[in-house]
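Have a look below at one chain only, the form predicted alone, in structure tokens format.
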Amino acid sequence: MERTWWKEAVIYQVYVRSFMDSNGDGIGDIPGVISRLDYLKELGIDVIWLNPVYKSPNDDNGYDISDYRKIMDEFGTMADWEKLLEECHGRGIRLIMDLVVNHTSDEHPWFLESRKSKDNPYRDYYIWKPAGKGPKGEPNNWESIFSGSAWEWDEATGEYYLHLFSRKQPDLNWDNPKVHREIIDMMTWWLDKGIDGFRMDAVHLLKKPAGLPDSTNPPTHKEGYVGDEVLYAHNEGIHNIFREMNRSALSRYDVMTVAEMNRATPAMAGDYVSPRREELDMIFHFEICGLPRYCEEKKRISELNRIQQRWYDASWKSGWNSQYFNNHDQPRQVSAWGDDGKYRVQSAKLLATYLHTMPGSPYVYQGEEIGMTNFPFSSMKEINDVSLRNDWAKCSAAGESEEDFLSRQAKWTRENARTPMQWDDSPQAGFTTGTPWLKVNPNYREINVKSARSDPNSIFHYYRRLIALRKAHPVMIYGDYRLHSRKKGPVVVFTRTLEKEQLLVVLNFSSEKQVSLLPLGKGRGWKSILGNYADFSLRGRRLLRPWETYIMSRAVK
């Protein structure tokens, strides 16, 4: 297997709006990120993934871009961004940017031109269609991922435009070669500035199915629209786009790429990330992140093992994988996967151990390193997310109460991940001197960076030791993986083996004590490396405490 810097990197995701506010307006910004770089250096991360900081009207918190070459006013200036890049590189930290090219904002100059007339030179930059046989006369019956019709009527030109997300996020037309050239030119512009790669947003949707056919699935709601992301995604021609990006831009620089790919399967992964195909370095698949919500608890860990094995078999040595439990679109991992009450510390350490010892690149989402939890939402007034607000409007109109709606949705809304970073126990958790754009979690007085840094047994310092361990033991990065635990139950046991070193990782994904039969042979030569309980001892058959995990190491012939 070829060894590269990005395979060895630990990536930290910064959601700028909620990370650190430098000027008291309640919104995180780029100077705020700069002010916390020493903290990230202390943590030991290698790469920062920056959520979109481009100029935007913020219908979807920056994922609706009105100018790819300007910085959002609320976040600072291009000079601020250039200083951020310089300060990152000065600390040995790389910086990757979010590439959002499935759609733009409806305030982007391309779209403003596109909607002026049917013969405008920019008309074909987007997907415009006349009325058809959709539920209310739309070109087809597609539902937006953010609910409601995926089509918006434009009175001025008498046609509909496609938006798979918000109506203010019109989809680009990737059948138009001019769009390809515009995007590659923009990518090259940023690469020439010295960035270290891209995280690519929703790029599984770039190529729409030929002819834009109706979905034949049952309607998602009584309005008659059908949410069918299988139909929207991974369509013919998509690999040509990535090969063109690679050939014309990415291959000319020493950079990394990771692409958001919902509905991707292990069989697809090889086509996207195989080095011989020269497309992408790794992808984010979605098979794991929905398990806490949709898989019954007693089957969850066996399903996790099954999914990980399938992806390992498909991509190991012929590609690369990513490892994550949470990000800006998912609830907090300790609330979804762990126990955010009595065993918050232990379960947060266990989840970190799992992600950093599995094959692939670990992604740390801001705040997980101190065990931040979901927010106790009690009103829709506390929620900004356009997706959830659209869903609430629809459910409210159908007669559902706010209390019932939140009882279903509050734990799973992506807003849980977007509450401000908890830096200390001062007002607003040290995030801002003003009023934060989104409420701070009320548990910030107990859960914050200042407290974590002062406690040598904290989640933060466990992350530091885990990241340092990964740098010191290549087996954690390049070692072969073998699962040893039973098919059922909450205990996971696996080994990683590389050349003359083998690691054993044991994890109890439960708040109950569990017995684990360990694949230790005669048990000789094993040394303890790290554990989330300080007083564990090695036995061939032993009782695991709630959310207990540990790592052992030995030399092998």
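Counting begins at 1, following the sequence as shown. This is a predicted model, so every value here is computed, not measured.
Beyond what is shown, the protein has a form predicted in complex with a small molecule; the following relates to that form.
Spot the stretch among 223-231, 127-135, 197-205, 456-464 with residues whose non-hydrogen atoms come within 4.5 Å of the small molecule in the predicted bound form.
Contact criterion met by 197-205 only.
Assess the spot marked by Tyr63, His103 and Arg414: is the small molecule within 4.5 Å of a heavy atom from every one of these residues in the predicted bound form?
Checked in the predicted bound form: all three residues contact the small molecule.
Would you please decide whether Trp311 lies within 4.5 angstroms of the small molecule in the predicted bound form, comparing each non-hydrogen atom pair?
No - in the predicted bound form, heavy atoms of Trp311 and the small molecule never come within 4.5 Å of each other.
I'd like to check something about Glu260: if you look in the predicted bound form, is any of its heavy atoms closer than or equal to 4.5 Å to a heavy atom of the small molecule?
Glu260: yes, in contact with the small molecule in the predicted bound form.
Would you classify Tyr444 as touching the small molecule in the predicted bound form, given a 4.5 Å non-hydrogen atom cut-off?
Looking in the predicted bound form, residue contacts with the small molecule do not include Tyr444, since no heavy atom lies within 4.5 Å.
Wondering, does Phe146 line up within 4.5 Å of the small molecule in the predicted bound form on heavy atoms?
Yes.
Going by heavy atom distances of 4.5 angstroms or less, which of His328, His356, Arg344, His163 would be at the interface with the small molecule in the predicted bound form?
Looking at the other structure, the residue within range turns out to be His328.
Please identify the residue among Gln333, Gln422, Gln366, Gln169 with any heavy atom within 4.5 Å of the small molecule in the predicted bound form.
Result of the distance check: Gln169.
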